[in-house]
Structure formats: structure tokens, C-alpha cells
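Listed next as C-alpha cells is one chain, alone, in the form predicted alone.
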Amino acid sequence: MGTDIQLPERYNMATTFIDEPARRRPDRVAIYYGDQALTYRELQELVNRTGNALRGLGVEVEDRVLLIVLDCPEFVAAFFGAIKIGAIPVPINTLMRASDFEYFLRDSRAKVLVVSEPLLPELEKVDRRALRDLKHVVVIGTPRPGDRCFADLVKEASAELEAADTSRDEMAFWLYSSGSTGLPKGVVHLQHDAIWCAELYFKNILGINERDIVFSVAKLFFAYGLGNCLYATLQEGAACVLLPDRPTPEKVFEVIDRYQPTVFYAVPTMYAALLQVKDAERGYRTGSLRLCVSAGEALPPRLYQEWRDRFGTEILDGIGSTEICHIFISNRPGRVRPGASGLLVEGYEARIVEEDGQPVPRGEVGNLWIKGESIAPFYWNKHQKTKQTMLGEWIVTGDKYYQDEDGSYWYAGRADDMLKVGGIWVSPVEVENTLVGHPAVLECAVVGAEDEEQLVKPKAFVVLRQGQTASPALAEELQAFVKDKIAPYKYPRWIEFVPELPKTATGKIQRFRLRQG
């Protein structure tokens, strides 16, 4: 398709990602899960049975189906089964707490909740009597009294299902943003959104094909993981590896060693953790990897170089967002600029602008706006936020960027993370990347703090590598190290050693929590 993607007016995305691959490659493996290997034919049957089971529970077009589900084949079946009958699957972060689950159920007005059995104890803290819209709870595993069993419902349902007659511009699925500074926002995506990401990024940039086996540390309930392991993989007839467990570094290497994936997706925090595993390049088989991908936060150049030196594989850093569905700026295979987010993905447009929307000169930092067909049209129940973020065909990403003379985009932090020191913008990311270049530093975060004159200066929170000891002398050494590497006014006036950094479930550092103290 290239960048000229033509879809009929009546379109259901399940036909592209489930029905067509099953017709073309019925006997190829679609999903590896533990000892299971589901073929495309088997996956289509599971999706169809799940769609019919949901319909049997009274789920109709545009009804929401909330998914609190670990990565497993049932997630895929519930997601696409709902879409195929015209309903709206809403995957939710499985690491959330009862109050969060109650908020999601209320906000989405979900009629059916599908939940993995291990997550039931937290859900039981929710007063279901107060959820007037929720009619059924379907448990993947052993249900509790009053709930329904996923396996039983699916077994009794028909394996034949025609896709609902939906428009390409109808709602298809929702994804809730991480909500790092407030209540999570329901990001509404349409039937046509995912195909743009699959074609423009996964196919054109990564070259995903039917010979690939992919493995994503980012879970399916994230926009990043959903694209990595679901729609892009399925469209091309590749196979994905699903891991329901918490992805510890050792577990991740075990999965790579066992399934021999060709494409690996993670976040910078995970790459840093994997690099801490001693002799991993000799203890595990990693030679199958042809590409590694990073997103979520800017990948420090040191991590890129250390990974390539040890494992011989490039990491393609990029930036995506829940609102844009996936990655829209990315490095290219064989043309990586360490530290840069890369080039604009063909099919998207970008502007770097001042606060008033006027463009900044190339090389200067400004606010990044993006235009493209995969952008969500609005936030559910968040009209004011929609007006502030979705400006006609453009979306305000909230990221600060600059573009160099070669066209590469360089991340300079979030709009509310940038620091102005002595009247000059300072990127916390630049200071962080410099600090992690010191051999004692594992990871760090830089925020603004006020000095005695109530002027904002950089403050660094530093996590040390194993075997390193915090001390005033080391703090002074790190400050001198930064002064020697970048403009001296950017050095952190204070360094606080901490055992870990606060992060979202996607691995993004929550700088606002550090600013709050």
C-alpha cells in the first residue's frame, strides 16, 4: 500500500487483521504462548467464537467491553471478537488498582468485563453494585460465583462469524492514556487507524514479514505493545510471542533464547536492565534478532552503543503516542543516529512551533505537532482536553523537539519538563544522557528545583550501578563530568542518590513525582 492507503467506506479492521491472514496462511503459527502454538486458522476460530459469545451476552454495536487481561491468546480473541461484532474493546493496564478499575468501568460504561483470574483479587475490592452499566464479568480461568467462564462461553459459541457492517470512520477500540498528571484519558481510535501504523511504520520501516517472530516487552494493553504484537504482526502473517508474566531481565532473555524472535521491542529502562545481566550475550542465544526497537522515552546513546557492542544488533529508537496509535518518528535500519528519534515516518507531517503556533527556525526547540490518519479524533468524556490537544488535522503531542540540518528529530523533553536556566532552555534529557555516560550511573532523571534565590536550576536523581557507593565526592565528580561534556550552565546543582526512579507501567519516568518531592 505504501502511503496511498485506500479503504472502502464500509470497513471492519478484523477483516484485515484476522480474516484475510487466516485465508492466506491458515496453517502458519500466529501466536506462541508457553507450549501452545496457535495457527491463523485456529486464531480466527477463537476470535469468531468469542465474538459470538459476547453477542450472546447482549453486547451490541458500540457497547464497550473492558479487558483487564494478561497477555494471552484470549486477549487477542476478546479484542478482535468485540471489534468484529462492532463493539468497542477497551484494554486496561493490568497493574492498576481497584479505584482505577472502578474509574475505567464507570467512564467507559462497559457492559461486559473480561478479566484474567490472577487479577480478580484486586477487582473484588470494587463495589460492583454501584456499576449500573456492567452486566457480566467473564473470567479467563476459574470464575467466582455470579461470574461467567470464558472457556465455557467460547466452547458453546459458533466458529462462524461475519464482520459487522461498520464504517471505516466508526469507533473500533479505546486505549486509556497513562494519566501521569491526572485521571487517564480514554483515547478513541477508529476502524481505519491501525492499518496506517501497520503499513507506514511496521511494513515500510521495519519490513515485518511472514518469516518474522516478534516479541514485545511492552504489554498488549499499551498502544506500543498492541501494535508490536498484534495488528502489525497479524497483517503480515508473522508470529508473536506472548508472555503473561512480569518481564524480568532473566525472563526476557529466556524467552528470546527459547523462541528465537527476529524483532524485539522494549523501552530504554528494559534495555538498561538487560545490559546489567552479566555475560548474557554468551549465556543466551540472541543471534536470531535482526532488529531491536525502543520507544517510550529517548534512548541514551550509551545504551545504544553498549547494546550493539554486546549483541551486534541495532536499536531503532522512535517516538509514538497513544493518541497517534504508534510510532511516527523513527530511526531507520542501517542509518541510526544515536540519541536522535530519527526521521519522520513517511505518511505523517510534523511542525515544530512556538506557543502561539508559529514555526521555529530549524535547530531551535519548539512544540511538536503531528498530522496523520492514525490520530485519534477525540478523548472520551474530555471535551476541554480534546480542544486543547486535537487542533483540526493536527495534534499537539506535548513534546519539545528540534530538527537538525539533516532532517533528524531530537527529543528535548516534555513541554512541562523543560527547564529555563538563566533565560536559556535546558533539556533534562540532554543532562540525563550525559550523566548516564558516567560509568557509575545506571539511570537518572533531571527536574527543575528552586535555589535560594527561587530561580530554577537542574536537580538530578541518580540510581547507581551495582558495586557503586553514594558519597558527596561522587556527587561532585558527576557534576564535574557534566560540566566537562556539555555547556557548564546545564550541570545539576544538586544530586540526590536514590534506589530507583518512579515510573509508569510503560517505563516512562514520572518526573512530576520527583518535582513534588
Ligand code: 3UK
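Residue numbers run from 1 along the displayed sequence. Take the two forms, find the largest set of C-alpha atoms that superpose within 1.5 Å, and that set is the rigid core. Because the structure is a prediction, the values reported are computed rather than measured.
Same protein, other form: the form predicted in complex with the ligand, not shown, and the subject of what follows.
- Proximity to the ligand in the model of the complex holds for all of 317, 325 and 399, with the criterion being a heavy atom within 4.5 Å.
- 420 is the sole member of 420, 109, 387, 251 with a non-hydrogen atom lying within 4.5 angstroms of the ligand in the model of the complex.
- Of the candidates 271, 150, 215, 224, 224 is the one whose heavy atoms come within 4.5 Å of the ligand in the model of the complex; the others do not.
- Taking non-hydrogen atoms only, residue 78 never approaches the ligand to within 4.5 angstroms in the model of the complex.
- For the chain shown alone, residue 373 is not a contact residue for the ligand in the model of the complex, no non-hydrogen atom being within 4.5 angstroms.
- At the 4.5 Å threshold, heavy atoms of residue 321 reach the ligand in the model of the complex.
- Interface residue remark: residue 86 is not counted as part of the site for the ligand in the model of the complex, having no heavy atom within 4.5 Å.
- In plain terms, the part of the chain that comes close to the ligand in the model of the complex, with a heavy atom within 4.5 Å, is 291-299 out of 291-299, 275-283, 69-77, 387-395.
- With the core held fixed between this form and the one not shown, residue 416 has its Cα displaced by at least 2 Å.
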